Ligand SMILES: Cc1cc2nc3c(=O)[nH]c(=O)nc-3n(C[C@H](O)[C@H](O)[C@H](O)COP(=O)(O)OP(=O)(O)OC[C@H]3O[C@@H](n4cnc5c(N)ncnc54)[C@H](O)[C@@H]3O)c2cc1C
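Just one chain follows, in the form predicted alone, and it is written as structure tokens.
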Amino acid sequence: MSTADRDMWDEETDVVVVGFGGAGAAAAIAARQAGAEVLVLEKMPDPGGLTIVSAGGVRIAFDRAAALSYLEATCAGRTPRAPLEALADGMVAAPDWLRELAEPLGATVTVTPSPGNYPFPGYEALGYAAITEVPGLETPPHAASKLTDGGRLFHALEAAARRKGARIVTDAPVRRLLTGPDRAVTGLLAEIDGRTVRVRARRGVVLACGGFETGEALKRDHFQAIPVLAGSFLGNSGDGIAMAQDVGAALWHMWHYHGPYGLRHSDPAYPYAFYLKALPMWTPGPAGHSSALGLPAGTKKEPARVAWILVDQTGRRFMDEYPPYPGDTGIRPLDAFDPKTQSFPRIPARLILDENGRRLYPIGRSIANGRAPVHEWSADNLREIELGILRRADNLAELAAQTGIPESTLADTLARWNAACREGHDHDHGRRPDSMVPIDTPPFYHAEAWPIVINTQGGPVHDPLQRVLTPFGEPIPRLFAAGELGSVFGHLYLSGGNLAECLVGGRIAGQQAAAPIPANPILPASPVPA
């Protein structure tokens, strides 16, 4: 290397990993195992991403062919076969890799058979693997919400990455990728310790910096619904998508986001939306009903009992409030646009329950990784009424006055619903009978219900080796992507699927990025943006 070449770079390493959630940690571990020097740059002050507050159940498979069949069905022809084959292979191998991570910590790995969310071919051959116990780990080291198996999973990943010698820097946003004359990614522009630095990647760069849950411009461009509230993690703003596009990446699945409908706090200082809970939570039912957030579901067959109904702005029910996988497709019925009124008549929708439903269980919860304030939902829902998250109406006339919906319409909607509950059959939308709860005892309660994005699936297209591709299907040299950034899930989501992609895709990306480049010339970086 000439003196001039050295002067172009402020720092050098073999592999740079952008983002330190589950995918970034897996990539760092794999690259270090391959003998590469690794630098991990995380823009947030705390690592963990979405992984640390996830339910922590990594989707696995007991049979590779069955898993591939399910993945092909759930992607409905929107994803090529080859990346799905790589994911199916990795889902079979994932439990052993988790045990390898857990062993130095004395942690427990639990493997649980659990069918896919939908009864597609192969759904019965799936399960979850989770790190369920870590001695001495009582609270999440970086998350603002309570410890979950996701916190335990990330703790194991972070410990392994640090133990293997990856250098990890937080508060270090990456701004641009830098390329050479052959379009190969040679490094990147980042902010480290308050200064702008050029970091050379001698072998490769892995983008593992999540999706665009808080990327408002990207959401407006690619989602029909407006607005879609962010949940879980404030750091995913689409940085990796912009950087990949800048060097020629194709994009896929940008429309597909995973999320339920839910509520928002009355105080804008609380940025996290609230998820809604069924009772009991996380139990599967017929045809593979399962957890809204991918928690290992077990085999319990208890009633779901959803305390509310949803109505549109005219006061009519418009959906099954408890679809087979509420955390994935629960938002889709809210997406409808009315060209006559130039509006979204279901955004916000109106959630309605009664006094019996209010007493049944706490209906909301928040899941948060960030330093913004987090609201802990009360056991009896009364604090939320005081705060105005839920509003009380002493009778039907008052409910009509507060919602702006004609009393006669509300009376008809509730009468029809209560008759369906007595009959045990929802003729209108086919809701599960065991989830149906009458709404007939004043006072009534209501709230605005909004679409929520837990995580997005869109981003740069990648091949089975996690190489980022151009619109012509050509790999961009030395650039890789993993995890939620450019997920393979292009039609329906598989609970725990992004965690599987974090481990499987992260490992592949790290291995590939660490591979030495034969006769690799020192290529000049692209100009620094003005």
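Numbering starts at 1 and follows the sequence shown. It should be emphasised that the depicted structure is a prediction, and the values quoted were computed from it without experimental measurement.
Although it is not shown, the form predicted together with the ligand is what the next lines describe.
- Taking non-hydrogen atoms only, Ile363 never approaches the ligand to within 4.5 angstroms in the predicted bound form.
- By the criterion of a heavy atom within 4.5 Å, Asp354 is excluded from the residues contacting the ligand in the predicted bound form.
- Asn455 belongs to the set of residues with a heavy atom inside 4.5 Å of the ligand in the predicted bound form.
- For the chain shown alone, Asp320 is not a contact residue for the ligand in the predicted bound form, no non-hydrogen atom being within 4.5 angstroms.
- The stretch among 105-113, 372-380, 238-246, 442-450 whose residues place heavy atoms within 4.5 Å of the ligand in the predicted bound form is 238-246.
- Relative to the ligand in the predicted bound form, residues Met44, Gly49 and Phe233 are all within 4.5 Å by at least one heavy atom.
- In the predicted bound form, the residues of 22-36 lying within 4.5 Å of the ligand by at least one heavy atom are, in order, Gly22, Ala23, Gly24.
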